[in-house]
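One chain is shown next in C-alpha cells, namely the form predicted on its own.
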C-alpha cells in the first residue's frame, strides 16, 4: 500500500502540472491481454513491460506524444481489467486508475480476435462506471486484426464524420498511424494560428504559451515588445486569457465571434 500511496501522490502532482500546462491526457483502457501495453510501446517506442498476465502493468506509465494539430498529449497505460473486478481491488488500484477517470480521451483497446470481445467490452464499461470514468469521451481500438482473415486497418466514423473505431494491429504496427490521426482529430477542435504582440509585462502569458508548446516563432522588437507566432486550440487560448483576466478581444476579436 505504501507503493500505491507513493504512486497516487506522484500522479496527483503530475496531473496538476499538466492542467497548468493545459496538456490533454489520453488513457489506454481495456480487458487484460487486449494489447494495451503493446500498443503503448508501438506509439511511444518505449520499452514498457508487455506480458500475457493479469496486471502486467501496475503503475500507469506516462509518455508525452506530439500530435500535428492537437499538440502535445500525455499517453497513459493502465492496468488490464478483468471479469467481476472485486471492489477492494478497484480501491487498491484507484491510484493507478485515476488517470483514466480524469482523461480527456479514453482509448478502449479490444482484442478483435477474441470470441468474448463483446462481453469484455461490457465488463470494461462496468469498471469505468465504478471508477467514475464512464462519462469520458472514448475511441474504440480494435486490436490484433492480423489474426483476422483478410482484414486491413481502417477508421470507422459516426454520422457526423467523427472517428469512433480504429482497427489495427499493434504487434505488427499496422494502422497505428490511423489511430494517431484519429486521436489528433478528436482532440484538436478549432485551431488558431497567428501572431500575438505581447508587452514585457506579459511574461506569464508568454510562459503559458511556451508550456503548451504553442509558440512557433518569437521576435523581440527594439522597444521590448514581443511578437509570438503561435498555433493552439481556440479553447486553450480562451482558458489562458480567462485565467490571466485578459479580455479575449484584446488579441483575437475574430476568434471570439467564430463560436
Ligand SMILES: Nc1nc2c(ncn2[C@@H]2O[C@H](COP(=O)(O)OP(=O)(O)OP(=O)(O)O)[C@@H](O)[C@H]2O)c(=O)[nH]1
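As the structure is a computational prediction, the values presented were derived from the model and not from experiment. Positions refer to the first chain, counted from 1.
The same protein also exists as the form predicted together with the named molecule; that form is not shown, yet it is the one meant from here on.
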item: Contact test in the model of the complex: residue 32 vs the named molecule, heavy atoms, 4.5 Å; value: yes
item: Residue 37, heavy atom within 4.5 angstroms of the named molecule in the model of the complex; value: yes
item: 4.5 Å heavy atom contact, residue 146 and the named molecule in the model of the complex; value: yes
item: Partner contact for residue 169 in the model of the complex: the named molecule, 4.5 angstroms, heavy atom; value: yes
item: Region of this chain that lies against the named molecule in the model of the complex, out of 98-106, 170-178, 156-164, 133-141 [heavy atom, 4.5 Å]; value: 170-178
